[in-house]
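This text opens with one protein chain seen in two forms, each one given by itself as structure tokens under the names structure 1 and structure 2.
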Structure 1
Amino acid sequence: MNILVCIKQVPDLESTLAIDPDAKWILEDDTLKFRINHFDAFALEEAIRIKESFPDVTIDALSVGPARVDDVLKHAISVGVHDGIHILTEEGGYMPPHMTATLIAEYAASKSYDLILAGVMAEDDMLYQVGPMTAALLDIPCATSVIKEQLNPENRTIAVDCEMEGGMTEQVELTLPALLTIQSGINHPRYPSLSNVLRANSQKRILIHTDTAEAPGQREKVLSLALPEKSSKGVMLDGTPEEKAEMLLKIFHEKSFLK
């Protein structure tokens, strides 16, 4: 049983983010910190749990991006992935979903994976597209927002609970090969041990060079990235923490919220 996990490296959303001068994406300078997309950490953990429950499972992790994404592949290896596959692009920035999905699907098609896991969305571009689009390109069944899965290797199926809006879940059975997009809360991702971190550092990743200029055409054109319009309804309180607390308490008192 071969599993592929698609992981994206995203900027840390709590670092100070600025718009790039060409106003098409955020500025990716040396001060920007990157990390694994949270949803992909859940997908990675789920793959490792499958491997721990069934014999003969190997997991590969794949990431599309510039040199820096090596870090998330290293992390994936340190928590139990066999091979880290790096589809290397020259630059970072926005990549249209169709391009990312095509690159992933082309690689996956050459390896015939039984199961592909992705995150439900990437926290930077928030597209919700790359997972199901990859499945559509590969023409394999897909379930999105999965919060529980039970693999059944004998009859080559996987039973999943898919979350829907407003507290409903749907149970679906997929035949393998299949792709799942993983929703948060399905598990608690583990941290790697130090020895595994060291091992991961010494293991080579598989590098695949790609020329994004040659990659499939951009179906949507990015015109600009901008700050959202300020809905200036609110007030930011100023002063020392004590002063702010007093101001807030006065407001709460006036509106009779306090005990």
Structure 2
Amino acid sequence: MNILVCIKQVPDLESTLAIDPDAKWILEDDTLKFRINHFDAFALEEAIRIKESFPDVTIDALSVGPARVDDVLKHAISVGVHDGIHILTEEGGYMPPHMTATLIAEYAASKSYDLILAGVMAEDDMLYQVGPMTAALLDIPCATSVIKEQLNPENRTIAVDCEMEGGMTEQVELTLPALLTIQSGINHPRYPSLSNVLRANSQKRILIHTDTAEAPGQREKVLSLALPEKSSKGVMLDGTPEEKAEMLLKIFHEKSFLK
């Protein structure tokens, strides 16, 4: 059985974020740090657990982005992935979900993956689209926000529990090949082992060059990006409780909260 895990490199939220001069994305300078997308770490761990439960399972990790993305693929290998596939783009910046999904699907279509896993969403743009779009392009079934799965290799099926609103869950069974987007909390991602760290440092990644200017899937673009406006400051009321109550009522009337 062959498993593909789609992972993304995102800015570290502990870094100071600034908007680039063109107001199209965040400014990527020497002070900005990157790491693996939080949700993708759970997908990565789930793939490794499947590998530990069933024999003859191989896992590939794939990421789309500039040269710095190699770091997250190295991390994937250091926790147990067999190979890392890097779809290399010319530069960083915002990449629309449909373009990312198209590049992933073009690669996966030429392989024999039985199962594709991805995080439920990306931390930087907070979208839930790459996984389902990839499944649609590959014409395979998809389940999202998966919190539990049970693989049946003999019947070529996988049963999953999907998280829904209001604390409800949905149980579905998919025929392989299939794609799952994994919800956080399904497992506890492991730390890299020393032997796998050494392997990751020496093992070359599979590099695929692409020109995003000519790549299909460009259906939207960022018009502008801005930091949230600062909210108005609070007002401190002085005086006796009765005076404060009168001032508060006056403010409520002025703001049309009371009539």
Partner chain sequence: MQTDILLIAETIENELTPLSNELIAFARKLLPNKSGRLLMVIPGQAVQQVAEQAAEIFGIPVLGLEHDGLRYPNPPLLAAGLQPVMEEVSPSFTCLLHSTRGCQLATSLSVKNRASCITAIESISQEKEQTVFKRSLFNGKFVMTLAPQTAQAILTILPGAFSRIGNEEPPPGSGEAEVRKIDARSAGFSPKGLAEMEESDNALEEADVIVSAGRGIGKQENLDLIKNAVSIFSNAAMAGSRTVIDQGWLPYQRQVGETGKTVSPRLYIACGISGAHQHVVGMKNSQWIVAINTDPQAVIFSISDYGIVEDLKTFLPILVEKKKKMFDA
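Nothing here was measured: the structure is a model prediction, and the numbers come from that model. Here, residue number means position along structure 1's sequence, counting from 1. Heads up, when I say rigid core I mean the largest set of C-alphas that superpose within 1.5 Å between the two forms.
Here the chain coming from the form predicted alone is structure 2, while structure 1 comes from the other form. Core-aligned CA deviation for A23 between structures 1 and 2: less than 2 Å.
With the core held fixed between structures 1 and 2, D238 has its Cα displaced by at least 2 Å.
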